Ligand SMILES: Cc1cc2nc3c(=O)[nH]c(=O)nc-3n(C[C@H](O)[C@H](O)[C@H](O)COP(=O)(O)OP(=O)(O)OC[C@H]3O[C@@H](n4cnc5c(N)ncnc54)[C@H](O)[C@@H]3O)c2cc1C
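First, one chain by itself: the form predicted alone, in structure tokens.
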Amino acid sequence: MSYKADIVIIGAGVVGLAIASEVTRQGREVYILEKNEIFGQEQSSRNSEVIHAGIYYEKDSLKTRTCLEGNALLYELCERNGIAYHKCGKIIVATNALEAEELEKLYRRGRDNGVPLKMLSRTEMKELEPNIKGISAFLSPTTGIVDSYSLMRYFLGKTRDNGAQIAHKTKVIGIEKAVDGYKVVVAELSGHSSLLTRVVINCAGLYSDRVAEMAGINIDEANYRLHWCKAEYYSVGGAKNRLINRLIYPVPMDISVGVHVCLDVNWRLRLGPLFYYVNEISYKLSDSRKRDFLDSSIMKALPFIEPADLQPESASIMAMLQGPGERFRDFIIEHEYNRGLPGFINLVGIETPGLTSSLAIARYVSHMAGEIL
């Protein structure tokens, strides 16, 4: 059976759902295709749930621009719609002279990006966080945490209210160019079917490079091939969550921001993520990397956490454009007109700060779709 649509969105993670809630405003026929049993089962529900401020990324990059805009939009949306969040702020702390030097550079980058930051004296640091240890630090007051599940549920409700349809357990297996659009072939429980659509928006997350490949893009030539990076989180017991008042981060010394304090909206305390590249999707977890957590730089800033407090809790997989040893890569959000694919919009490598940026990305992509339709 074939269906006709104006827009097909592949992937019901937080970005796909945010885009759906935006593009359905004008009464279009919109379908969301999701291979899993329910929305947001991969990157969108397996993360630190941090509302980022925009400190780390290259100035004028899509990551920075959408993060800054998305930060403000997300707080406003949560406040207006009763979605749980805490605008708790975070402190980035240096524990030695080398880190202190890098902290100054990071502070200048964040300020240059337009992020409101405050360098702290040791007295101020102790007043804000009496139980952490460090030689210098700065405060990011616009960093926070959000209930990502409730946020996605809000986007889904809004999308359905606007008339869009979501198909779970529906895996895209082919994309063919058609007259004035695309034929999207899917596998579902009842067999194979297809949709004819004018616009395809690829929000397939971990598999977004493969979806791009289905449309005929050489992902190596386009530099779209993704690298899977596993992230492990450890819970911290012993009521140690009462000893901190906000998120605590180390000074990043490589491509990752490093293992840091993760809090959820119920103030449950975790440490993570510990990143390492993998070749397969597996969320299995053991305590084999506990020593890596204990050796991470954040532990020097948290003397109240003891080895016995740490227990493996969860794992996630992130889709990274940069491979091991490679430098910063920006989000890819591209209408592929110049590759002979008018109406095909690619979102590839939407990892951190994708959750924070989701509303800004949705507006950006909605404008692209509006120019096509």
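Start at 1 with the first residue shown and count on from there. Everything numeric in this text was worked out from a predicted model, so none of it was measured.
Beyond what is shown, the protein has a form predicted together with this ligand; the following relates to that form.
Q: So, I10, R46 and P353: all three within 4.5 Å of this ligand in the model of the complex by heavy atoms, or not?
A: Checking in the model of the complex: I10, R46 and P353 are all within 4.5 Å of this ligand.
Q: Answer with yes or no whether N36 is in contact with this ligand in the model of the complex, where contact means some heavy atom within 4.5 Å.
A: Contact with this ligand, yes.
Q: Please tell me whether any heavy atom belonging to Y207 falls inside 4.5 Å of a heavy atom of this ligand, as the geometry stands in the model of the complex.
A: Yes - in the model of the complex, heavy atoms of Y207 and this ligand come within 4.5 Å of each other.
Q: Evaluate I317 for contact with this ligand in the model of the complex, applying a 4.5 angstroms cut-off between non-hydrogen atoms, and reply yes or no.
A: I317: contacts this ligand in the model of the complex.
Q: Under a 4.5 Å heavy atom criterion, is P273 part of the interface with this ligand in the model of the complex?
A: Taking the distances in the model of the complex, the answer for P273 is yes, it comes within 4.5 Å of this ligand.
Q: Which of these residues, I305, I345, V50, L68, gets a heavy atom within 4.5 Å of this ligand in the model of the complex?
A: Answer to the contact question: V50.
Q: Counting non-hydrogen atoms within 4.5 angstroms of this ligand in the model of the complex, say which of A212, A137, C203, V200 makes the cut.
A: Exactly one listed residue reaches within 4.5 Å, namely C203.
Q: Which is the contacting stretch out of 305 to 313, 337 to 345, 28 to 36, 58 to 66, given heavy atoms within 4.5 Å of this ligand in the model of the complex?
A: Contact-bearing stretch, as computed: 28 to 36.
Q: Counting only heavy atoms, which residues in 162 to 181 are within 4.5 Å of this ligand in the model of the complex?
A: Residues within 4.5 Å: T170, K171, V172.
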